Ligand code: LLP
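First, one chain by itself in C-alpha cells, the form predicted on its own.
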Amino acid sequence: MNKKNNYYFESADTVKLAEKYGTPLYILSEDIIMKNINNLKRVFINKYKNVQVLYASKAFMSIAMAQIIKREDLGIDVVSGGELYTAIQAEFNPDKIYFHGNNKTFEEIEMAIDYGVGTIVVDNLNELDMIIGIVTAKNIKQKILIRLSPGLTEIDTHEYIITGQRDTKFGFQIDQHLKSSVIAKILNEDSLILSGFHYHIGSQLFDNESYLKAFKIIFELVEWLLSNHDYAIDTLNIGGGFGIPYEEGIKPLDIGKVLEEIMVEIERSFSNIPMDRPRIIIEPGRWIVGPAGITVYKIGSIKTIEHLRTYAAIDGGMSDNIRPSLYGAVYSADVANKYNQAKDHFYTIAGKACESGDILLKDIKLPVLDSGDYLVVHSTGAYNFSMASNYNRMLIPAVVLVKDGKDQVIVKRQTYQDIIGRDIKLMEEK
C-alpha cells in the first residue's frame, strides 16, 4: 500500500515510523497477525472438533506477542526457560503451554513443572529420567508427549530446517528400543501421563506430501500401542512448518486446503481402529507472524565496482537478520521513500557487519538509491528478532507494533549501556 511516494505497511507510514523510532526497525502489524489467526480459526479450529493451535513462540516471542496469543485463546509452545519465563510474565495459562526442546536442563524442567506447564514434550531418555525424578519428588503427575522422528528421507526444504529425517538431533527413533523400553517405562511410571505423540518434519513446506507420509508412519505406532498395550493416546501433535513466500511471485500456501487433506487422512485412519480420534494439534509460528513483519533500514554508503555490481550498505545486516548468511534465505524489498519510482537499477544490499558474507539481498532491482533512503525488507516477522545478536556489538533494533494506524514500541531498542551492562572490568593489580 502507498500514499504519495511513501510505502505504507497496512495503514502505517514506514518513513514516518523510521524517522520517529530510528533504524534498523522491526515493524509488526497486529492486523496481519489477527488476519492469520482468524484464518486458522476458520479453516481449522471452527471446522474440526477436538483440535488445538499452538503458536510456535520461537518464531517471535515477547510479552506483547504472548498477550495476543493468550487473548485469542490459542496455546503456545516454548523451547527454553527464557521463552517459558516470557509466557509466564504475560500471565499465560500454564496448562496451555507445551514445553519442547532437545536438551532441556534440569533447572528448566523443574521450572516448567513448578509453573504447572500442561505438557512436556519428551525428547530423550536423559530428559525422561529427569522428569520422573522431579515429579516423583514433588508427588505430582505430569502429562507428556513423546517426540518422534518419522525418519523421512526426502523433505523439500533447506537441510538446516529439516527435522523429520532419521539423522536428526530431535526426538526418538521409531524402533524396537522405543517400543520395548521407552514406552514401557512411561506406561509403568505412575507419575507420568502419556498423552500421545509429537512430530515435526521441517519448516517452509508448501504441500502436504511430507505431512501425509509422516502421519502414516506415526499412525502405525498408534496402532501398535493400542493393540499391544490396549492404550489409546488422546493427543497427536503434527507440528508446524507451514511455508510463507519471501520472494515476489511465490504463491502463498493455501493452509485450509493443506489442513483439510491432512485431516481427511487422519479421520479416515482413526475410523478404522477401535479408538476415538485424538486431539490434533498444529504449531504454526512463521505462518502467523512472518508476513506480519517488515524491517526498515537506512541506506549509507553506495559503492560501484565497474562491470561487476553496485553495493548499497545498510545500518543493519546479519546481526538483525542472519537468515541470508545462515542458509541463503532470499527476501523482497522496496525503497520506502521512493515506493512509486521505477525499479530499474541493480543493487546488492550489504550489511555493516565485518563479514564478507553479510549480504542481505544480492542483485535486486530497486529505484536509484541515495544515501539516506529507507529500505523496507518484507516478511521479516519470523526468526529475525528471535535470532538477532550483538555481533560487532551492534544494537538489537526496537520492535514496533502497529494497529489501525497507531503504533507502540513492544520491545525497546538496545542502548550501548545495555551492551556493556553485564561486562565486568578487570580487578586492578596491587
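Position 1 is the first residue in the sequence shown; the rest follow in order. Quantities reported herein were computed from a predicted structural model and do not represent experimental measurements.
The protein also exists as the form predicted in complex with this ligand; that form is not presented, and the subsequent description refers to it.
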Listed residue (293, 241, 150, 351) with a non-hydrogen atom within 4.5 angstroms of this ligand in the predicted complex: 241
The unique member of 43, 387, 51, 63 whose heavy atoms fall within 4.5 Å of this ligand in the predicted complex: 387
Contact segment among 180 to 188, 90 to 98, 199 to 207, 254 to 262, judged by heavy atoms lying within 4.5 Å of this ligand in the predicted complex: 199 to 207
This ligand contact in the predicted complex: residue 323, any heavy atom under 4.5 Å: yes
Partner proximity in the predicted complex: residue 286 to this ligand, non-hydrogen atom cutoff 4.5 Å: yes
Touches this ligand in the predicted complex: residue 374 (any heavy atom, 4.5 Å): no
Non-hydrogen atom contact residue 378 with this ligand in the predicted complex at 4.5 angstroms: no
Sequence-ordered residues of 66 to 81 touching this ligand in the predicted complex, heavy atom within 4.5 Å: 77
